[in-house]
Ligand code: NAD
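Next comes just one chain, in structure tokens: the form predicted alone.
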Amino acid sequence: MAESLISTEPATGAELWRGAIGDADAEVRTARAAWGSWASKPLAVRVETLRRFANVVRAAKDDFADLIARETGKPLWEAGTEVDAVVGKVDISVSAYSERTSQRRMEGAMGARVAVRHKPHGVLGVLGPYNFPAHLPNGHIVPALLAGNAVVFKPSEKTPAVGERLVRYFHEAGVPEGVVRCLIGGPEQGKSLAGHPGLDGLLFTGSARAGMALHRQFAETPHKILALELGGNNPLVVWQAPDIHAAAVIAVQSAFLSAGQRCTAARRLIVEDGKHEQLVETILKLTDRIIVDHPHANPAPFMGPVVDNGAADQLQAAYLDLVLKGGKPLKHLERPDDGKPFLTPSILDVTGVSDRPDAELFGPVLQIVRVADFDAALAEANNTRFGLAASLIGGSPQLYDRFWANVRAGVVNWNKPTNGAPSSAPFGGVGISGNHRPSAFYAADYCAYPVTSSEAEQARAAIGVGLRDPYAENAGA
């Protein structure tokens, strides 16, 4: 009997789904056999097929959102926005393909033409995360299919039901079953897929630690594309904000949406020492009102549980470590039920902690750092190996220009949450937050490679320098 993977609901502990663990070799072999016919189809056919996929998902929105909510624990309203993002990704990707990888022709020398076209890589692996188990892998899969690649997708072992359903929707829309494959499994299957010789590249969204391991692994295969979308230790700077309530709301949204399980969530709130009390007090009052409950609760919760008990255990340990290092709790991280991964939002002042870990605490933990002036605020914002998102709340346009010019991040916002990145723009970070392969609108760039051609209808050639005169040789004979 084949080994099974079981998925349980974080909010209840009930079994949600089970399925047989797959074989990476078999899935890659199937995708490679199907890739050629998909790549040879006209672009218009691939576009139309993916638009049918969007319609299939749109029609199934309620069922799909319910499944996402149950498997991740996120509120039903938030799961619905994720389904909307899956649908919207198709038209965005079509526009991106046209803008970023379109065919171009230019006039060359002596009547020749220069043509620039793009080719698909072949078979691409996609490793997806659990926090947005449909939207984030879909952000790789749709542009990859549009460019003519085949895809082997391994969903997170924590959200396999959503991954399997997503692939089913592609098949229902008419994408050939061999062109999109779903590999069910855990870390072992992920490693087998990432290292498979039949892959032409890997598109990964996940932790910086896993991304660095993949970067080392791919160092010996420069012929394969590797796109890494990793995490962040993101700063939110509040400086001379005229509307304290609005600043507090943005801070809460940045830190605690999705129970803090967003790579763009604010991990560090940087404030002006001595002028921060009203802001922090307002944040604490607002945080006290946050409803933490199961996805279908009424009234609707702002946040649900983290993904599982293991994640909750790690967050509690990291929070306790900060307290033991000298962090001052303003709102404790509490776990109402030891058997379930519900955590309440937590806030602590870590200004006096000299050896703070530069880590992505992937949950509802917000660290406050007080600084003396804006130079110190910038220094603290950049006091990280990560470089995904950063936001400034308040300040003048000139101060924002200074912030934008000096902060090191791939997403820089003003008077907006750190987690407000649109899919119609590039998305990615610097430092250990990625490998300069931004996704979202720029995903088209890593799903196809450019081919430059010099072309002429008739061959004309001459060598004007460096040849002996044939007539002079005959005369000397």
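Start at 1 with the first residue shown and count on from there. Model, not experiment: these values are computed from the prediction.
One more form of this protein should be noted, the form predicted together with this ligand, which is absent from this view; the next part is about it.
A.B. asks: Might Gly206 be said to contact this ligand in the model of the complex, defining contact as any heavy atom within 4.5 Å?
C.D. replies: Residue-level check for Gly206: yes, a contact with this ligand.
A.B. asks: Answer for Glu380 alone: is it within 4.5 Å of this ligand in the model of the complex, judged on heavy atom distances?
C.D. replies: No, no contact at 4.5 Å.
A.B. asks: I'd like to check something about Pro305: if you look in the model of the complex, is any of its heavy atoms closer than or equal to 4.5 Å to a heavy atom of this ligand?
C.D. replies: Looking in the model of the complex, residue contacts with this ligand do not include Pro305, since no heavy atom lies within 4.5 Å.
A.B. asks: Does this ligand get within 4.5 angstroms of any non-hydrogen atom of Gly125 in the model of the complex?
C.D. replies: Gly125 lies outside the contact set for this ligand.
A.B. asks: Which of 114 to 122, 150 to 158, 166 to 174, 325 to 333 has heavy atoms within 4.5 Å of this ligand in the model of the complex?
C.D. replies: Selected stretch: 150 to 158.
A.B. asks: Could you check which residue among Pro75, Pro345, Gly201, Gly231 gets a heavy atom within 4.5 Å of this ligand in the model of the complex?
C.D. replies: Spelling it out, the residue with a heavy atom inside the cut-off is Gly231.
A.B. asks: Here the chain is shown alone; which of Asn131, Gln367, Ser254, Ser391 has a heavy atom within 4.5 Å of this ligand in the model of the complex?
C.D. replies: It is Asn131 that has a heavy atom within 4.5 Å of the partner.
A.B. asks: At a 4.5 angstroms cut-off on non-hydrogen atoms, which residues of 334 to 365 are near this ligand in the model of the complex? List them in order.
C.D. replies: Glu360, Phe362 sit within 4.5 Å of the partner.
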